[in-house]
Structures are given as C-alpha cells and as structure tokens.
Ligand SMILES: NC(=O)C1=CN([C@@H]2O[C@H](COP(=O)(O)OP(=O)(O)OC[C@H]3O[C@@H](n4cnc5c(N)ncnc54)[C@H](O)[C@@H]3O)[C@@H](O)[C@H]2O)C=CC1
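In structure tokens, one chain follows: the form predicted on its own.
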Amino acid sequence: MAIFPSLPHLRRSFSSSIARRLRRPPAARSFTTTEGSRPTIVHKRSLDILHDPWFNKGTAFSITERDRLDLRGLLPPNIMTPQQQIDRFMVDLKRLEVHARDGPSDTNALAKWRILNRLHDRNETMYYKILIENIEEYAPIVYTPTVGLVCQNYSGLFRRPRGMYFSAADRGEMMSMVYNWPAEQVDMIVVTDGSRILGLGDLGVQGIGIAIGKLDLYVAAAGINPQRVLPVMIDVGTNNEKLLKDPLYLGLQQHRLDGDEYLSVIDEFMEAVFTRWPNVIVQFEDFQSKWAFNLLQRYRNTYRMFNDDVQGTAGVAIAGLLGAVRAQGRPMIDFPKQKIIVAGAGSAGIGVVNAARKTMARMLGNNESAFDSARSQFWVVDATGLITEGRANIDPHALPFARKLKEVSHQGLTEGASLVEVVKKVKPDVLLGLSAVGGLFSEEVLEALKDSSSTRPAIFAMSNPTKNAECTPEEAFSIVGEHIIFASGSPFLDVDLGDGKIGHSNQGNNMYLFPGIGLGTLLSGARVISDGMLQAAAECLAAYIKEEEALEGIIYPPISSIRDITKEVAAAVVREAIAEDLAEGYRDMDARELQRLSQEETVTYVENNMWNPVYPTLVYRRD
C-alpha cells in the first residue's frame, strides 16, 4: 500500500515541446557525447591532454584527434577501442587477484583500490565505465568496507590531490579559496570533518577518502557528471592522539575546535560554496553525533543539503523495515504494529528511529495521537543500556524515545537494562543494530530472539565496516533459525541452509538511496530536501522488490541494478518535490513543465539526464 496518495496532476498530457526536450541529448551529458553529436571544446593540447583525467583517452585517441590535438608520436601507434583498453586493464587487475589469492583479504582489497585509484587519476571515463559495469564487485572496493582501510592509511596512500581541503587555518579566506576549484559548475559536494569515519572514529583529514568514495558512487549510480562533483574535507583538527603524534600525518596537528569556533568554520564554508554555486547540493558525511543533528537543523531549511548518516541511513533502514513487513506476509500498512528494539543511539540510530516514527505516524493519520502511538513501538538501547526518563543527563536527541519508568517497570525492566534483558521481555519483531559495536548481537541475545512474538523476526546488523557488524548472517541463521529475515550494512555472502534453501544476506547499503536523493533534488531544482522527499525515496526502494522475492526473505534488490534503482528513486523524489511545491526546475525544464510529466515521463526525464561514460569528441580552441 502506498504511503503517499497518487498525484493526479502528474498524469496530465505531455506537451510536444517537453517531448522534444526529453528526446534530445540534454546539456548535462555534453561530456559524454556519442559519435555524431556535439563535440567537447578543450583549451589544451599535447601532453596536457594526456595528463588530464577528464579528457584523456590514452590509446583510444583516433588519428584525426591525434593530429588535431598534437598527439602524434606521443602515443603508441596502435589505436585501441575502449573495450580493448578495458580488457587490458582487467587482465592486470585479475593478475593481482591470482597472486594475492592466498594473502590477507585486506591487503588484496587495498591493492585493488590502488590500481583503480591510479586509473581514476589518469582516465576518468574508463574508470567509471569499469565501475558501472562491475558495480557489485567494485563498490566494496571504492566504498565500504575497503574505504575504511583507505582512510586509516590515507596519509601514506596520498599521491595526487583530489577534492578541496578547508581548514581552521583558512578562516577568513574560504570565499576566495572556493574559486581555486577549476569547475565553473558543481552539482554535488560531499563534505566531512573526519570526526566519525564509519565505525572507526576520528581520522581527521584522512577522512577525505569517504567523500571521494561517496562521489564515485554518485557518478556510477546516479550519473552525476564527474566534472561537477567535489569532495571536501573540513579540517578543524583531530582528537586522535596517534595522528597528533604522527610526523607523516597530513592534517592540522591540533585538537579539534569546538563550540562557536567550530560552527564559524562550517558557516564560512557553507556561505562560500553556495555563493559560488547557488544550486549545489551538499551532503554531510560522517560527522560525529554531537554535530550531525545540530548542523542538519542549522542548515536544512536554508540550503540544499542533507546528512546521509542521519537521513540516508534512516531511509534505507525504513525501506528494509517495510520490506520485512512484506516478508512476514503482511501489508506495509501493518508497519505501525512492529515492536522494534534499536541498539545504538548515535546519529544513525536516532535518525532511523525518528524517520521510522514519522513513517508510522503518517500511516496512522499524522496527528499527535499517531506520533505518540508510534513512539511506543521503540525501545532504544545504548552503551549503558535501555534509555528511560529516569536517566540523568540524557541526550536531548534521544529524549523523545526514552521509555516511561511506569512502562518499563510493568514489563519487568529498569533504566539501563541490558540488551539481552530487553529482548527477552519485549520479544521484538525487529532487532535493529546501529551501534558500531562488532558482535553486539551475542549468542545470548540471538537466543533470546527465538521467543520473538513474530513468526519471522528481522535482524538488522547495520554497522559498518564489516568488523563492526553486530552479528554475521551465519550466526543469525544458525542460532535463531532459518525463518528469520537478515540484513546488514556491509556485504556478506548468502548462507547455505542445506536442502537447497538459502538464507538471504540483504545489504542495506546507503547507496540504494543517497544517489537518487541527490539526483532527484538536482533535477527537480527543489529549494530544500524535505522529509517528504526522503520518505518518497524510501517508499520507492521498498516497493522495488517483487512480492514473491519479499516472501523469500529478499528485502533489498541486487547492487547490480543500482542505476535502475537510482533512476526510479530520483523520479520519486522529483514527483514529491513537485507535490510539495518545492520544485523550481532544472536548466530548460521549468517547474510548470515538470508538473506536466506523467510518472513514466518523469523516469524518462531522469534517465536522459544521467551521465554515461563515453569518450567525447574533442576539439581544441584557444582560450
């Protein structure tokens, strides 16, 4: 059942002028022109072209282009097709896999990252073509879990700068600094302060790796033009004593700024980037909980921005939770009846609970009574146990979900009750882990879940990277039983249950949603990113799975379908932005024309504006 009502005005007839726009190659794809379409103008020749990853084609330059761009003699004479180039690269990559087969898996993954990163440095088109065509295999290399290793070792891995670095030492200079970036237009920025990288803690300036990896997925999954993305590190110091003492550390070797000093740096950065690029979208990534919520509330009604840890994680979790209801053989409208224990009260945990509560409340009528009823479905447990109103110095973000003392007493629980005690007493339908504590769902906890009131309990071990997962699928299926629904944040293999049965290891990866949220916001021209737009994205993802798949325990689609998923999610975001009167249009498609698009035409509009990795025809022109 749909969470949102249908929008009749989206089904109006499609004018011929709009149809012509959908058919012609949009301006957003000028970099990926195919043979016969408009060429790309460049202002460099010779070795400068070969050293520019945006335009370098390597051995694929044609004879005509070699003459036109002064490349004759600078390349081997054999002209290779793009596929031949890819085949040659893949031979090299596969050779590494053979030689590293018996070595540590972490070392192998890091070696793959190095090879892919070198390709990224010299030929972006080929890099993204390989990433898109092998997304299921290489997404875990360019992003989680390998990106965690990359960030931990980034000072030693650093070879060529990528993105921008704004530091506490740059206060007062950021407005001029932002013009040092060569791109005249930037559509998407991913920014971090390095304070809480995945579940690895404070990695300071080395956290830039997370922003780079996220934007790789924006390009691969959403078709954001790679010339229009910008990874950003805001270096306000680090409280990681190991980094502070490391002479090779690349960041500021001082303790983190705090309070108003910290806010002044972030404020200056936001003002600078939105002054130069008023229509840019900024995604906040891996900020510590202390600041994640505050910065989201500070900027979300003024700028086009969102926090992926708070809102993206929440959306993916909501989609999974709705999918779990379907997997139990029930309609999604039964979601408000689910009893959910949440292990973890950081930015991700509280973000998920807030979003889930809003989803339940919308289903129940979206009034005060509905919100109160939805609140009663959650039990939040942090490092010191069950959170109740009896706790001293309670985090204000967790306060709305603190259980009343009378409630817990009636159930035989107390303030600070352990996770296993809460599972035994509550008998939840869902056990949701966002704690960043590996192995938190111990054998005792999983044994307690056997008494769940649900015939098919769901276990979400969502913490990243892999070592921080609350449990493995093997542990969950072997202890609780083969009837469970399992999802994790990091990739795990499916579990062989014997007799031809498979225990599906669903990966609730944020990449299912954040590329579509960003692309949908961009193409709608929405002024801000609303809760409704995020909710529409989650609902679209939940509905993507077919009924028969859900009943088999599959609640997330395969990563190999990510571009199609992103296209649908982005279209849902566009339609919701229109419904909420937030859309202002994109390029030559204004808001009124967007309103006339049917659901199918909106999907076509999105698809036509997704960048594809195709070598452009290059023509030199003097500056």
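Counting begins at 1, following the sequence as shown. Note that the coordinates shown come from a computational prediction; the quantities given were computed from them, not determined experimentally.
The same protein has a further form, the form predicted in complex with the named molecule, not shown here; the description that follows concerns it.
Using a 4.5 Å heavy atom cut-off, indicate which stretch of 226-234, 123-131, 379-387, 401-409 touches the named molecule in the model of the complex.
After filtering at 4.5 Å, what remains is 379-387.
With a 4.5 Å heavy atom cut-off, would you call residue 196 a contact of the named molecule in the model of the complex?
Because a heavy atom of residue 196 falls inside 4.5 Å of the named molecule in the model of the complex, the answer is yes.
Although the named molecule is absent from this view, report whether residue 434 comes within 4.5 Å of it in the model of the complex, heavy atoms only.
Yes, residue 434 sits close enough to the named molecule in the model of the complex that at least one of its heavy atoms falls within 4.5 Å.
Should residue 149 be classed as touching the named molecule in the model of the complex when contacts are defined as heavy atoms within 4.5 Å?
Although the named molecule is absent here, residue 149 would stay clear of it in the model of the complex, with no heavy atoms inside 4.5 Å.
Heavy atom to heavy atom, is residue 213 within 4.5 Å of the named molecule in the model of the complex?
Heavy-atom contact with the named molecule at 4.5 Å: absent for residue 213.
Heavy atom within 4.5 Å of the named molecule in the model of the complex: which of 347, 505, 238, 192?
In short, 347.
Only one of 489, 209, 323, 516 gets a heavy atom within 4.5 Å of the named molecule in the model of the complex. Which one?
Partner contact (heavy atom, 4.5 Å) among the options: 489.
Each of 289, 440 and 462 having a non-hydrogen atom within 4.5 Å of the named molecule in the model of the complex: is that the case here?
Each of the three qualifies.
Residues of 492-527 having any heavy atom within 4.5 Å of the named molecule in the model of the complex, listed in sequence order:
If the 4.5 Å heavy-atom criterion is applied to the named molecule in the model of the complex, 492-527 yields 508, 509, 510.
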